[in-house]
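Given as structure tokens, the chain that follows is alone and in the form predicted alone.
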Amino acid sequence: MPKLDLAQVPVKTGSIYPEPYASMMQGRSSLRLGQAGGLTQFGVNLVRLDPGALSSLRHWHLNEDEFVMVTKGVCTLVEDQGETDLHPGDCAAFPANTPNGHHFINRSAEPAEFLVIGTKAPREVATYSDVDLRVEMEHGTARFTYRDGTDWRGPR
């Protein structure tokens, strides 16, 4: 496998979330390294969080495992059990179908980065812990619903 030239990997910004949640993701960007390398069975992303930025809404996955390793700075892991600061080399794992809503926040004054590796299930459901929102992903297409499965039309 050839070495990836990170300078040639497009930077992904923004979010697929509907508003008002998309605006909450300001200061987050990522490099889709797995995609750049042609991987299809799992994703590998290098996520950068500017000071004050969130990685995502707190969520958990029905079908996909997730593994995270901090590579730069300090990221605060927020999950159902509380908060934990992660430093370079610290890791966290989130098995599929374990309803432990999690995300990362950069509460420091410096940029932070983490590597996230996850399964690429053909069909996935992610549930958001702090808002009445779910996403169903199938073959790269997202459908947002309320937790009860009805079509999402905005915050309730």
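Just so it is clear, the model here is predicted, and its values are computed rather than measured. Don't overthink the numbering: it's just position in the shown sequence, from 1.
Absent from the display: the form predicted together with a further copy of the same chain. The rest refers to it.
Taken together, 13, 17 and 105 are entirely out of contact with a further copy of the same chain in the predicted bound form: none brings a heavy atom within 4.5 Å. A residue is said to contact a partner when one of its heavy atoms sits within 4.5 Å of a partner heavy atom; residue 44 meets this definition for a further copy of the same chain in the predicted bound form. Although the partner is absent here, residue 100 lies within 4.5 Å of a further copy of the same chain in the predicted bound form, judged by heavy atoms. Proximity of residue 57 to a further copy of the same chain in the predicted bound form: non-hydrogen atoms within 4.5 Å are absent; the residue sits far from the partner. Shown alone here, residue 119 lies within 4.5 Å of a further copy of the same chain in the predicted bound form, counting heavy atoms only.
Note on the partner interface in the predicted bound form: the residue among 126, 53, 131, 69 having a heavy atom within 4.5 angstroms of a further copy of the same chain is 69.
Residues of 78-115 that come within 4.5 Å of a further copy of the same chain in the predicted bound form, judged by any heavy atom, are 79, 84, 85, 86, 89, 90, 91, 92, 93, 94, 95, 96, 100, 115 in sequence order.
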